[in-house]
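Two forms of the same protein chain are encoded below as structure tokens; each is given separately, as structure 1 and structure 2.
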Structure 1
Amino acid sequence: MEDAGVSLDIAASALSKTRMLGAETAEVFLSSTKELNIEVRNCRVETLKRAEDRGLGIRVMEGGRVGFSFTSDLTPAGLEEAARQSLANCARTAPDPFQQLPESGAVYPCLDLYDPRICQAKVEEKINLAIAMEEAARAYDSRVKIIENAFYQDGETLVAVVNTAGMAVHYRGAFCGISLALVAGEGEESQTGFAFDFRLKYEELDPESIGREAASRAVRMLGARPVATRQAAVVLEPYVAGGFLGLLGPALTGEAVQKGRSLFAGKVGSQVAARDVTVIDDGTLPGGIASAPFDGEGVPTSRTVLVNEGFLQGFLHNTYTAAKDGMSSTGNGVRSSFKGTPEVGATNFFIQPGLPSPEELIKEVGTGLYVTDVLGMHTANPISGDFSLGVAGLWIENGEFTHPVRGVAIAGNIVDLLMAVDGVGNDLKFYGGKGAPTLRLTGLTISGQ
């Protein structure tokens, strides 16, 4: 990766141009990334992609008005246009007294985010990781028929934030990950399976276990059939529980509360989930894929307990929403990329694990559905919390799996779902920045035949 100095100089130059055009309060966010993507199929490289991406976003604040403009044209003319445009956009927005930049001089957490092994390892070695994953899947069961794709990817990033309040910070990070999607078949029937893992440490990637996991997800679904419409217990696999947690995320932001879009508005201190449920956001989590010393506006990240043993503790904030509520930012001003402004968002966001193993949770179920796959999570309504989803999984009778199930639907509201939790497993697993253990719920309507 190129010297950080070049990028920092560009950020500083963009800030000084914006200042020269008349801005008193301004900020520049710059990111520079280098990525490698390898796609393998049938033990051969199908796509090898190398990418470099650099760009910056300029945020200007004048009299409470905010203007924003981004560019990936980092020539002097490109920076000039972005600076000019951010000021022009500023004139068109409504003033808001709580718009402000964070102060400089904060103390940042020390995090281990850059594993040099990731960029040192040879491309051939990385290709072999993807092949090993594929081979492990095929060895798991002869019914694994098609490898949809086996990916290895890594990237290194430089992030810098400079502002007119004297802030000038940057950090370097790297990540790596593997993923596998495949199809198992028997007769006319096909079922899909996938698994993925993203890490900050190269040596932690385990292609064999990802290969076996993807294969088992597909193979165990062969022979799936619908069940009759009924009320039954539901056990959510960590991946599915994490999906529901994602639906909850927006409602736990100060932004949603202030805009009347949160189910949890006005409920701090009251019970919003079963006593077993504790929800945490932690931007400083060791090894967390979303960990960073500071957020998208340069505020130190932190650990925030949002729901403690079922009781709502508070919300996530960026500098703006915190100012509006008379609080401090929790370091959750998250940017999707240099093309966006810092919005309130989660970092490493997870449900704290409980004591029982997933096997123990399932053993206690008389009749129920172990949900392993969900269709349509993105159609759920994050404002009302209502969801109605296609689901697939394994049927449970007397604590044992009897047969796979597909083509059924479950519906309800996320708040009712959280209150219905009657068991939290000890198997916290992260899928990217979101993590959850196995969750068991009492009766839910399963719509089927």
Structure 2
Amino acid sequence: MEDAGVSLDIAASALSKTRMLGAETAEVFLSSTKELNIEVRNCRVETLKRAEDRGLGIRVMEGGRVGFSFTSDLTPAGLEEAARQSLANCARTAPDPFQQLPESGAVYPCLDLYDPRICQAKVEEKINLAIAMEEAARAYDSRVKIIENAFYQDGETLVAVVNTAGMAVHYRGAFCGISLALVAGEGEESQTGFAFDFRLKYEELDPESIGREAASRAVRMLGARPVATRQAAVVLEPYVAGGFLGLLGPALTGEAVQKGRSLFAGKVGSQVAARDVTVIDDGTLPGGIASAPFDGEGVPTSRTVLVNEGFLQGFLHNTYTAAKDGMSSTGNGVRSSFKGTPEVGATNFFIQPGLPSPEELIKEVGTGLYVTDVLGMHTANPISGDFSLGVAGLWIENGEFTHPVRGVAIAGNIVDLLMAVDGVGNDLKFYGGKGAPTLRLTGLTISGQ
């Protein structure tokens, strides 16, 4: 991957060409990424892919109009053509008084995002991490019958942003991750299990732990059966609680509120969750997979408390939605690549952990369900917050797990679910950019036989 200085020079050259063609207000976003994906099955490499993507996007603003274009041709001719196209596109859009670029001169957080070990480790070593997951899973229990796939993945990125307000910033980052999916069987029955982990530090990957976790998730569900419909306590393991955060996140953006697509519109200052619930987005989180010194338009990332002890504090913003609400950007102008403009999105989005251990939360349950898997989260309505989901897990009697449960469902609204929380565990765990601890809920209806 090229030097950061080279990237800044290319971005500055594109900005210069855009100005020479007549643009007074413009921005260039350049990104360069490399990815490695390895899939192993039965200790043999099934696929090994390397991919690179490099290019830049140019945004031009004139009289409230915005034009955007992108290119992967970083030659002088390619940059000039992209500049011309962004100006031509600008002339065709409707004016909007809130379109503006962020100012330069901001102070950026100092983050440790680049571990050279990720890129220095040999491919054979990375293959062995995937194999080690498989071996740990099979050693965990003889009922682990099929390894569906064992993955290793890593990536390296370089981002640079320059604009006509004097901004010229860049950063380099890298990540790595492992994942395992398998099947355990006994007699005619089979159950699936999975586990994954993504890190900024190569040495923090623990393939044996991931292998055991995936095997445990499958084996513990063997013999699962439904229960009768009833009201009972529900305990969400961190992975499941994090899944509900995926439903919550889009509703906590300024963009969703402004477009009438958020169930939290008009509720700032109101109670929207139990007092134990605090929801945070933190683009500066040490070790966070989505951490960065600045967002997709060069605004410093920040820690934003969205729900504090149950009360709604505000929303996530990029420069545009903040201007529309007369506020400052929270550093949440997210770009998936150089091919798009900054949208409002979460970074490291999580529920703040509490004090009790998950074991303590479960021990206090007389009768309830420990939910380990959810089916149909994609069918939940992110605008109303309504959901109806199939769930599976472990039945709890007198604070102890008794038998696995499958073939039951829970339904409701995300706000009602958050209001029902009566215990938050100390076991915050991140799954990519979303993190949650164990959550205990009172009196949900579990629909079964």
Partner chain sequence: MVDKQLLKEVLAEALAGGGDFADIFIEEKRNTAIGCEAGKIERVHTGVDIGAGLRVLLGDVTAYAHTNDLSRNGLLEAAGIVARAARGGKKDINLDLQLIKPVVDFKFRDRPGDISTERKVSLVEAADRAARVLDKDRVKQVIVGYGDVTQNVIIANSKGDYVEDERIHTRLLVQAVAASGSTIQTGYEAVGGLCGFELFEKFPAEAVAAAAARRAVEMLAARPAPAGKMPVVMAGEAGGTMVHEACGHGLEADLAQKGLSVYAGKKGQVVASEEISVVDDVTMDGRYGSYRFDDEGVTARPVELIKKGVLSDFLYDRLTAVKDGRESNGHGRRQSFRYKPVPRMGNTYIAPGKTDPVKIIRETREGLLVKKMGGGQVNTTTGDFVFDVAEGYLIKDGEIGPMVRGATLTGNGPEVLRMVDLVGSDLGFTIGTCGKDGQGVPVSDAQPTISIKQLIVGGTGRQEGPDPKIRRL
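Just so we're on the same page, residue numbers count up from 1 along structure 1's sequence. The structure presented is a predicted model; accordingly, all values stated were derived computationally and were not measured. We call the rigid core the largest set of C-alpha positions that still match within 1.5 Å between the two forms.
- Source of structure 2: the form predicted on its own.
- After superposition on the rigid core, the Cα of L355 moves by less than 2 Å between structures 1 and 2.
- Once the cores line up, the CA of C119 ends up less than 2 angstroms apart between structures 1 and 2.
- G340: CA moves 2 Å or more between structures 1 and 2 after rigid-core fitting.
- Core superposition places the C-alpha of T75 5.7 Å apart between structures 1 and 2.
- Overlaying the rigid core between structures 1 and 2 leaves the Cα of L56 displaced by 3.0 angstrom.
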